[in-house]
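Next up: just one chain, as structure tokens, the form predicted alone.
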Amino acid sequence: MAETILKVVDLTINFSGLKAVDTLNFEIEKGEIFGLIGPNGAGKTTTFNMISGALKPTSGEVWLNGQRIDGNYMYQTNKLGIARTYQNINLFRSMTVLENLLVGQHCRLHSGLFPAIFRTPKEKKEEEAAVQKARDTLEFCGLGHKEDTYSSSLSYGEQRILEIARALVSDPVLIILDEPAAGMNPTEKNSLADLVKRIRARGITVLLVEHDMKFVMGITDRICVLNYGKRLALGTPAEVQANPEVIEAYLGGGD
């Protein structure tokens, strides 16, 4: 029997009386690549924000590995094993590629103020381990040769991959990717699809929002479709593609 890693129960959020997400329910199994799709304004990123702790739901629940997390702040959710990327690239542009990944490990480091000031052996050992882990992650993501490059100097596609690498280096059990293929050319999208599959092969569950339907249909195990904040359909890519209500939502509207 498959193990549930994330469970969303009746998740709802109101903005000035408008229900941006309305009693949403879905479960993600450990090791899945799970897609969340829908027309513009359907509530996809808002759902991500509630799962990650950036927004507090008006009502409903979010459970990670049997622990309720919908009341958590983002740093608490991150410590529990959820890492995410964003629609808009959100890197430290004045830092190198390697430095961006060192920042991404802050929630896993244990040295306090005293070891940091006096450069104790324990602090030095932890720092060396963090640097090696950052380098290993960059190699995994295909950016090992760019570690000394400032992130602002990377190509657009490389910056997208760096955001994923920074999320990965925090040791997530679930990684949330918000439109990771946006702005990428076909070659970059193929490389991204391969990376997402390799992330899953590492035992990390993937939840993603993406508007490129060819990309989504090619890599996801199951898909949840939102429309006006409500769940419209849930199933395999083939089931979702054949659903008349989904076809109508994409061809006939959304806001």
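These numbers come from a predicted model, not from an experiment. Throughout, we count residues from 1 along the sequence that is shown.
Beyond the structure shown, there is the form predicted in complex with a small molecule, which is absent from this document and is the topic of what follows.
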For the small molecule in the predicted complex, the stretch among 214-222, 33-41, 183-191, 63-71 with residues bearing a heavy atom within 4.5 Å is 33-41
Item checked: Ser155 within 4.5 Å of the small molecule in the predicted complex, heavy atoms -> no
Non-hydrogen atom contact Glu147 with the small molecule in the predicted complex at 4.5 angstroms
no
For Glu179, is any heavy atom within 4.5 Å of the small molecule in the predicted complex, or not? yes
* Is Asn90 close to the small molecule in the predicted complex, meaning a heavy atom pair under 4.5 Å apart or at it? -> no
